[in-house]
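Only one chain is given next, in C-alpha cells, and it is the form predicted alone.
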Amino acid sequence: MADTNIPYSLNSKKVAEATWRLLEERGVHTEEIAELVMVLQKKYYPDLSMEECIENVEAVLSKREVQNAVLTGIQLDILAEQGKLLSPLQELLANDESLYGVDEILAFSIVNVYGSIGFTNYGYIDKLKPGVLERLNDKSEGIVNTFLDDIVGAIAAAASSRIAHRKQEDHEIEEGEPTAPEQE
C-alpha cells in the first residue's frame, strides 16, 4: 500500500524505461518499427537510411504522450491475455473484436503528435500490415496484441510524419526559404 503522506512525483526516466522494457518483453524491436517507416517513406525519399528511420522511431518513443499510450495499451493487452478484465471487455479484447475501436483511438493519440499526415500513414500501414504488424496480428498462439499492433503502426506512422516534416524543412532551407519553428 502506498504511503499517502508522500506526495506523488512522476519519474520521467522510469516511464521511459518501462516503455522500452514492455515493448521488448512483447517482442517488438525498434528495428522492426523502423522497417515499417521505410515501407511508408522509401517511395518519397529513395536515399532514406535505416539509421534515419531508427532515429525517428526513437524520437517518437521519447515523447511522453507516446509512452503513456504504449504503457496503457500493453497493460490492457496483458490483462486481457491473463483473463483479468470484466466481461464483456475481456471478450472484446481477447478476440480483437472488429467493432471495438478504442485500440485505434489510443493509436490516434500517437499519430497526432506529428500532425494530420500521420493519419494517412497510419491507415495505410494498418491496412497493409507488413512485417511486425503481421506477426502481432497472428492470433494462433493465444497472445493478445489488440492494442499493441495499432500502437506499433502508429509509432511508425508518427516517425514517418516526422521524417516528412524534417525533409520539407531541409528542402526549404536548401531553397533559402524561411521556415517555421518546429513544435517538438
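Between two forms, the rigid core is defined as the largest C-alpha subset superposing within 1.5 Å. This one's a predicted model, so the numbers in the text were calculated from it and none came from an experiment. A residue's number is simply how far along the shown sequence it sits, counting from 1.
There is another form of this protein, the form predicted together with another copy of the chain, and it is not shown here; the text below is about that form.
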Find out whether any non-hydrogen atom of G123 is located within 4.5 angstroms of another copy of the chain in the predicted complex, and reply yes or no.
yes
Is there a non-hydrogen atom of T30 within 4.5 angstroms of a non-hydrogen atom of another copy of the chain in the predicted complex?
no
So, E24 and another copy of the chain: in the predicted complex, are they within 4.5 Å at any heavy atom pair?
no
E58 versus another copy of the chain, in the predicted complex: is there a non-hydrogen atom within 4.5 Å?
yes
Only hit among V144, M38, A69, V132 for heavy atom within 4.5 Å of another copy of the chain in the predicted complex is A69
Partner contacts for 51-78, taking another copy of the chain in the predicted complex and a 4.5 Å heavy atom cut-off
E58, A59, S62, K63, R64, E65, N68, A69, L71, T72, Q75, L76, I78
Please determine whether the C-alpha atom of E24 is displaced by 2 Å or more between this form and the one not shown following superposition on the rigid core.
no
